[in-house]
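Have a look below at one chain only, the form predicted on its own, in structure tokens format.
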């Protein structure tokens, strides 16, 4: 029995990631979401977001078995209310500074500081909530990051970014990505990310220069390089076994995806966004290759549920990328 187990964990295998959604199905969800959000003056938005995530996760499959998102509109509504209160207080402070101190510069500075201040809380809350509500084969994901540690590190990285006039921004992004990814769990499987700020900075510097000299043509290959770097630096491990990720995306593929999505959205006056989103999800899943020797049948549940959705709403409101 022990010999069979050792052979099973040492044999490398491919894991197939795919998106099974259809534009017509997703459009039906989107049009209902739009209408209900409109007639409820935005109150329905958390339920709309929950339905959207449930569809996207529920139609993403690994080795032909689908993921499941159990987050609800009721949970997200509580977070939505907290976010609205924060927004009102933030804008109230901004108007007080603008009206009574008559200092537009100070008011704008306050606004930016308030926006930056919420980012680490939003990132931490969103990862913790969304991971706890995501499962695969009955095993939950989880996020074990420490909020205070992340907040302290984020403002340290932000300070370095400011004093270097934005140059350290590449390090900030990679540090944040490394921190969040290394605290993700899928049962007893640990995630990690090996992205480095110096590599990411040089990648974007090359992309900027080449895009400039090719009058924008290289932009699609720049996007391919960024996507490839994100994916290739991700790993999963369980004891002595692991899974490595690789990107098979090409610059030409990104051109066809982005140009096609633009044409679909523009020529349908926005109604084709559902098909554009589905095309994007299919492209992403088809471009991620996973290979390793983790036996999925031997993964054990370790994570608890977490139901505070404040971070989830804040991430969406400020359009912060989770990936």
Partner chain sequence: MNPTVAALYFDGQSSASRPVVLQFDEPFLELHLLFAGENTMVWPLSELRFENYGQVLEIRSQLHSGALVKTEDPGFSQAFIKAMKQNKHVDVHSRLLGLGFSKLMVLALVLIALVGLAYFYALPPLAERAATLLPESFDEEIGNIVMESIIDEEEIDVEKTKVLQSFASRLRLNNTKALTFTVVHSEQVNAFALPNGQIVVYSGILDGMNSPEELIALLGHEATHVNKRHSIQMLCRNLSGYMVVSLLLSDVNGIMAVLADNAQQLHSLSYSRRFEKEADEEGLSILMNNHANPYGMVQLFEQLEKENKFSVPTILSTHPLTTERKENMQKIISGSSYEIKPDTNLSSIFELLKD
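Just so it is clear, the model here is predicted, and its values are computed rather than measured. Between two forms, the rigid core is the largest collection of C-alphas that superpose within 1.5 Å. Numbering follows the first chain given and starts at 1.
What follows is about the form predicted in complex with its partner chain, which we do not show.
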Its partner chain in the predicted bound form: contacted by all of 154, 201 and 219, heavy atom 4.5 Å: no
Residue (of 92, 239, 104, 138) lying close to its partner chain in the predicted bound form, criterion heavy atoms within 4.5 Å: 138
Among the candidates 261, 33, 293, 268, the residue which, in the predicted bound form, approaches its partner chain to within 4.5 Å (heavy atoms): 33
Residue 17 within 4.5 Å of its partner chain in the predicted bound form, heavy atoms: no
Exercise: residue 87 in contact with its partner chain in the predicted bound form, heavy atom 4.5 Å: yes
Partner proximity in the predicted bound form: residue 27 to its partner chain, non-hydrogen atom cutoff 4.5 Å: yes
Contact test in the predicted bound form: residue 283 vs its partner chain, heavy atoms, 4.5 Å: no
Residue 270 C-alpha relocation of at least 2 Å between the shown form and the other one, rigid core basis: no
Core-aligned C-alpha movement of residue 291 between the shown form and the other one, 2 Å or more: no
Did residue 40 shift 2 Å or more between the shown form and the other one, C-alpha, core superposed: yes
